[in-house]
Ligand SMILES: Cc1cc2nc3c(=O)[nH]c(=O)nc-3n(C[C@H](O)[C@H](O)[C@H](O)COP(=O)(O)O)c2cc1C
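Below, in C-alpha cells: the form predicted alone, a single chain.
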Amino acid sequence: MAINAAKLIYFSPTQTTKKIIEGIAQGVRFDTVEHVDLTLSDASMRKPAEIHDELAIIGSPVYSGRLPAVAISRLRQLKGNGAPAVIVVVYGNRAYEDALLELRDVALEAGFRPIAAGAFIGEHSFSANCTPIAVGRPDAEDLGKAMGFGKIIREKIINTRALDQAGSLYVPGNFPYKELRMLSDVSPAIQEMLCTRCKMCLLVCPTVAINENDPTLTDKSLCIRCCACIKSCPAGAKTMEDPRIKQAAEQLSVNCSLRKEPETYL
C-alpha cells in the first residue's frame, strides 16, 4: 500500500489515549502526521474530517467495557473513504470487554478499513492517592510497546500490495455488546475554599458540563465522569466523593493491582 501520511484521531479527556496513539505513530514513522482531536465539544461543530490515502490511527478510552457515547457520536462524523485504520482502546487495568469490537464496528460504519488493533492500559480515571489504579500508565514500557506495534504496522503496510489483501481484522468482544451502565447523577465535588477560579477545568471538560460563569457548578446530566477536571486542577480542589464511585475505586485498586500488558491484533 502506498501510504505516506497518518491522521491521529482520538477522544482523550485525560490524555492517556493520545499518548498511546502518538507512540504508535512514532513507530510507523510517516513524514506527515496530523492530529484530529475529538475530545472537546467543538469537535462536533467542526466540518467532519475526511481521510484520503492516509493511515488513520483511531483511539478511545474504555468506560465500563464500552466506548463512551460521546466518543461514538463524534467518531461517526468522520468520513473514512476506505482508508486503512488502526483502532486502539485504552482501559484502566480492569478489562476492555466489548470496547475494541465496538470501535472496529464504528470505524467500519464510518468508512474505514481496520488493518490492526490494540488494547493498551492507561491510569484509571478513578485513580487517586488513596486508591491507586494503574498509576502513571502509559509508562515508558507501554510507550515502547506502542512504538514497537507501530513498527509492525509499518512492515504490514510495506508488504501489502493492496488494501484488499489485508483481509478482515479479528478483535475479541461480543455482540450484542454488554449493557452500558453508567451513573447519571454523579459529578466531581469541589472544595470552594481551594478553588482559585482559574477555569482550567472548563478547558478540559469534553461535554461543557462545568458552568462558564461559576466553575464550582457542574451539570450532572452532562458529566461523563472522565475526571479530566480532577486531574487537571492545579489547586486539587476537585475530588470524586460520591460513595458509589469511591467504593468502585477501592475495589478496583485491590482487585486490579496486577499489571496487565497491551494486547495487539493484526
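Numbers for residues come from their place in the sequence shown, where the first is 1. As the structure is a prediction and not an experimental result, all values here were calculated from the model.
One more form of this protein should be noted, the form predicted in complex with this ligand, which is absent from this view; the next part is about it.
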Q. Counting only non-hydrogen atoms and a 4.5 angstroms cut-off, does residue 182 reach this ligand in the model of the complex?
A. yes
Q) So in the model of the complex, does any heavy atom of residue 126 sit within 4.5 Å of this ligand? A) yes
Q: May I ask you to check whether residue 91 falls inside a 4.5 Å heavy atom distance of this ligand in the model of the complex?
A: yes
Q.
So, residue 195 and this ligand: in the model of the complex, are they within 4.5 Å at any heavy atom pair?
A. no
Q. Can you pick the one in 51, 229, 57, 62 that has a heavy atom within 4.5 Å of this ligand in the model of the complex?
A. 62
Q.
So if I measure heavy atom distances to this ligand in the model of the complex, which of the stretches 92-100, 169-177, 78-86, 140-148 falls within 4.5 Å?
A. 92-100
Q: Counting only non-hydrogen atoms and a 4.5 Å cut-off, give the residues of 13-28 close to this ligand in the model of the complex.
A: 13, 14, 15, 16, 17
